[in-house]
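Taken one at a time, structure 1 and structure 2 that follow are two forms of one protein chain, written as structure tokens.
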Structure 1
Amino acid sequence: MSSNTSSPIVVAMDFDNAKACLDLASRLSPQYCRLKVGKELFTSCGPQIVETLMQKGFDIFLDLKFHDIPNTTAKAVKAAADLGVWMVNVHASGGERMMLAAREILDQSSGQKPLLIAVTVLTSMEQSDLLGVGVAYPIDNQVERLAGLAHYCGLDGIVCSAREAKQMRQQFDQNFCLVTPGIRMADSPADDQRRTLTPVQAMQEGSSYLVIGRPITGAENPAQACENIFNELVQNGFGN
């Protein structure tokens, strides 16, 4: 779909109310970033908040991580497309038939098609968590398996840790989007993120889009923080 910016920055709008979200949006520019609307904001404010943000010129990544039977997931993806979002995601662990159904419904629709992205293994999960849900493979193997399945099903990319981007980029060509959270500036606190990379490092590892929350949303001047990251990326040959 057509886009408002070439910036790889996607700001995570992790808020529980429209006012806080719109206050921040009014301080950001669609020239330098896109916005990610997740479960908390969407559940609190509904599709209206997505429409309002799009009216302000922002591309929206609707991060609802759909995971259901193929028919239900496909229809949810179609509803996201009808809303006009730029990117939407599903859990790859929903399986081949679910991802194919999501792909097919977008391919058959005549309207705008959002990028369809898969979540592989949540980065919050450790080996013991995988074992708890009956997966005995090492995490890396499971990520590779689900990424390969998403690629086979024609999805446009995956969400992965920036630390996994290099390995994923070796496996998939440049057209396969790698959407990576866990981004921190060299001088910003890690918060609850564990294995972080700077924006430039993440792009060098092969990321396509950088999901950045608190380093921008928590900055004294979010617009400046976002513009600084954008300029640093451009200076290093990423985005323009």
Structure 2
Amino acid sequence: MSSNTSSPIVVAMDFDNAKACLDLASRLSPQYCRLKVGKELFTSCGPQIVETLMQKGFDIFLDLKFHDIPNTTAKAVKAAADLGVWMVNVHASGGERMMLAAREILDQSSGQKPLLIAVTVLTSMEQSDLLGVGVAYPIDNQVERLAGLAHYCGLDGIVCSAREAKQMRQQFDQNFCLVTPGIRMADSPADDQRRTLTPVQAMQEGSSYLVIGRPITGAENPAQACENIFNELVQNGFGN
């Protein structure tokens, strides 16, 4: 799908109402960032919020992490494509048949096709969390297994921690997108993320796109914070 910007910054619009979301969007520029709409905002506001943000010129990452039987997941992905979003995701743990169904339905579509990526291991999870759901593999190994499965199924990339980006980039070429949440400034608290890096560090490790929330949305001047990150990335050879 064609894009409105070359910026690797994706601002997480983690709001529970349209007003707060649109107030922030009015202060940001599509020149410097894309926007991520997640479960809370989408559930509260529906597809209309996605359409409104796209009308303002923003590329939208629809972060609903679909995970269901293959047919249901494929139809959900198709509905996201019909909205015109730039990127959509599924859970790699949904398995091969589910991801292949999602890939196939987009390939059969005559319209614009969003990037289709898969979530590996959530950045909030630690080794003890994996053990709690019956996964005995180390986090890095589990990420590698799920990323390999997503690549095999023809997906365009994965969501992974920035700390796994170097390992993933060694395994996959530059055409395979690495979308990394858990991005923090050097002087920012980690909050509920456990495996974090700064924007420049994440890009140096091989990330393609950076999902950034509170360092921008919680800043006194979000537009300036976003532009500052963008300029720092450009100065270090990332984006233009």
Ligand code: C5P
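Numbering runs along the sequence of structure 1, starting at 1. What you see is a predicted model; the values in this text were computed from it and never measured. We call the rigid core the largest set of C-alpha positions that still match within 1.5 Å between the two forms.
Which of these two chains, shown alone, is the form predicted in complex with the named molecule?
Pick structure 1; the other is not the form predicted in complex with the named molecule.
Against the rigid core, is the Cα displacement of residue 139 between the two structures at least 2 Å?
Indeed, residue 139 is displaced by 2 Å or more.
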